[in-house]
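A single chain, nothing else alongside it, follows as structure tokens in the form predicted alone.
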């Protein structure tokens, strides 16, 4: 019987290895798997590479991982969003590495990773400092950069509802990077508001099929 439910957050992240590349969903405050992030801190994870939209703000989720010293490198589009005090402090002290990736390129690199593609050409960042050291090609008179796929050892994502097979639905803009990240990781761990019985999810509303999900943990509506 296929059953991807796990009872606790601790169990969900118990075998995430130090040094892993972790894809973390979220856009601003929407769709961030806060509970899974803090479970990773509690596990004592270290030397992580995070791939996410921004470097967190305040003292929760991604920012909490930075504050706790869990992160060696962050790959993101907005490292200096409002309240990203922990990233700035660590970066100025030379204690964290940054790879800055334009948002559309970040999403497409993960999509390419999930699709098994070897890379793609994009005009984004052409002629800027972000193009330094990258292969370029002229296509129809315009410079394009070769970008390589991103895959993660683990994806931590937030969805709205799931069944025991791991089929997922999302709530509005909280969907953001979650579906793409689920395809681009070796291990996908999902926190959801509610786990329902098989057959309760409308198939037309399932965004991420269970084949891309390994574990689901219910955290309730408060998270």
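Numbering follows the first chain given and starts at 1. For clarity, every value in this text was computed on a predicted model and none was experimentally measured. If you superpose the two forms and keep the largest set of C-alpha atoms that fall within 1.5 Å, you have the rigid core.
Below: the form predicted together with a further copy of the same chain, not depicted.
Is a further copy of the same chain close enough to 187, 196 and 215 in the predicted complex that each of the three has a heavy atom within 4.5 Å of it?
No.
Is it the case that residue 85, even though its partner is missing from this view, gets within 4.5 Å of a further copy of the same chain in the predicted complex, heavy atoms only?
No - in the predicted complex, heavy atoms of residue 85 and a further copy of the same chain never come within 4.5 Å of each other.
Can you check whether residue 123 is within 4.5 Å of a further copy of the same chain in the predicted complex, heavy atom basis?
Residue-level check for residue 123: yes, a contact with a further copy of the same chain.
Contact between residue 116 and a further copy of the same chain in the predicted complex at 4.5 Å, heavy atoms?
Contact check for residue 116: yes, within 4.5 Å of a further copy of the same chain in the predicted complex.
Do residue 171 and a further copy of the same chain come within 4.5 Å of each other in the predicted complex, heavy atoms counted?
Within the cut-off, so yes.
Note that a further copy of the same chain is not shown here; using its position in the predicted complex, name the residues of 123 to 154 with a heavy atom within 4.5 Å of it, in sequence order.
If the 4.5 Å heavy-atom criterion is applied to a further copy of the same chain in the predicted complex, 123 to 154 yields 123, 135, 137, 139, 144, 146, 148.
Using a superposition on the rigid core, decide whether the Cα position of residue 92 changes by 2 angstroms or more between this form and the one not shown.
Moves: no, less than 2 Å.
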